[in-house]
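Just one chain is shown here, as structure tokens, and it is the form predicted on its own.
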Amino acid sequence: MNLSKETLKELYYNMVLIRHFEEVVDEYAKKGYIPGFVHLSTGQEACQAGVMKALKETDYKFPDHRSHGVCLLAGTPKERVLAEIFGKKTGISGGRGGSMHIIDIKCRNMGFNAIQGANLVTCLGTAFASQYNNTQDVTAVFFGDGTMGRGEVYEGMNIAAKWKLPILYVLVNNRYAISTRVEDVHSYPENLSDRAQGYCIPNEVIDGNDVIAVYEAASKAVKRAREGEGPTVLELLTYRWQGMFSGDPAAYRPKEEVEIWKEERCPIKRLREKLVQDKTFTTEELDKLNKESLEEIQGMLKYALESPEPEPEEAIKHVYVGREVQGR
């Protein structure tokens, strides 16, 4: 795939934007501004930027725990994504969802419900709707290596394969499920996606820190789904720089391992070096993009910090309660 300069610029900018966004979220979570748990994807930016570039806004997206970047690129006003994480009234759900429940149906970001593997079942609904209505919209569902051990994965894949549903399964293999290394719990420690072959679903293992490779593989899988050929599983090999959640010291990981991924395999650094080496962009042009992304993030942060808190009475809105039935 011969990528245009504009596409490469967008991929680079979006990765930098996600990185800066996660850094701000991490900083303010540790300061106590953000309620609840926060799961960051620092180091995994290529997985999100590459896949999202291959999708249309009308495609359905099912994020997981570590998908702020997906929500950021889905089409929602970005400042409202951060406001939601801060629990503010101006957030997408009025601050009710927080970090783990960012949802925006208008942009077909279908949200995450915090139950591991559940999105691999619920995504069948949107995929079937696309097939039934012949819209050619694709459903992309994100999940991690830990989720591959759950039964919902295989129940969902079985139906998707049988009905040839237009689904892109994005298996983000960052090598750790909470504190457990992937090879300690899986019988296929290197190619977890090979299990999809049992359902006649094609799979491909990609360097998840190479955003161009991710974008090309996702584009091919999306095209296949739009043409009615059914689901594909992409296994993106990557690494999360932080622990399971913001504040997790992650003592279970060797420091040398973390440093290798940070220094030698950083997705942003790799693309930057390639773009400069190929003379697609100058260092100064990329520095300008970095600055622009920081300015955009600061605008989002200002909006989130200055937004009002929800009124206490709003806590009972949109809550379903039983009603006393007359005569009983």
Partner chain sequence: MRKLSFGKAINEALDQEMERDEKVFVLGEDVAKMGGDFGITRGLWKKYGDKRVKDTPLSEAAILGIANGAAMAGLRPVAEIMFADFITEGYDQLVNNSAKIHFMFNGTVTCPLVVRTANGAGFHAAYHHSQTPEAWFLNVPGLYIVAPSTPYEAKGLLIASIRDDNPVIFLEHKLLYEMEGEVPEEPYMVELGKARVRKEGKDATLIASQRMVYLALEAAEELSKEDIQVEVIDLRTLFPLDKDAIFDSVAKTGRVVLVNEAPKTGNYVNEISQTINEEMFEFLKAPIKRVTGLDAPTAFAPKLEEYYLPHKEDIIREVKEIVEY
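Only a predicted model underlies this, so the values are computations on that prediction, with no experimental measurement involved. Positions refer to the first chain, counted from 1.
What comes next is about the form predicted in complex with its partner chain, which does not appear here.
*Asks:* Report yes if any heavy atom of E306 sits within 4.5 Å of a heavy atom of its partner chain in the model of the complex; otherwise report no.
*Replies:* E306 lies outside the contact set for its partner chain.
*Asks:* Contact with its partner chain in the model of the complex for D184, defined as at least one heavy atom pair within 4.5 Å: yes or no?
*Replies:* Answer yes; at least one heavy atom of D184 falls within 4.5 Å of its partner chain in the model of the complex.
*Asks:* Within a 4.5 Å heavy atom cut-off, is M100 in contact with its partner chain in the model of the complex?
*Replies:* Output for M100 is yes: heavy atoms within 4.5 Å of its partner chain.
*Asks:* Does its partner chain get within 4.5 angstroms of any non-hydrogen atom of C200 in the model of the complex?
*Replies:* Taking the distances in the model of the complex, the answer for C200 is no, it never comes within 4.5 Å of its partner chain.
*Asks:* In the model of the complex, does every one of M1, E190 and D210 come within 4.5 Å of its partner chain, counting any heavy atom?
*Replies:* Spot residues vs its partner chain: no contact at all.
*Asks:* Would you kindly say which of S219, T76, Q116, Q136 lies with a heavy atom within 4.5 Å of its partner chain in the model of the complex?
*Replies:* Looking at the other structure, the residue within range turns out to be Q116.
*Asks:* Can you tell me which of 148-156, 67-75, 254-262, 166-174 lies within 4.5 Å of its partner chain in the model of the complex, counting heavy atoms only?
*Replies:* Within 4.5 Å of the partner lies stretch 148-156.
*Asks:* Which residues within 3-18 place at least one heavy atom within 4.5 Å of its partner chain in the model of the complex?
*Replies:* Contacting residues: none.
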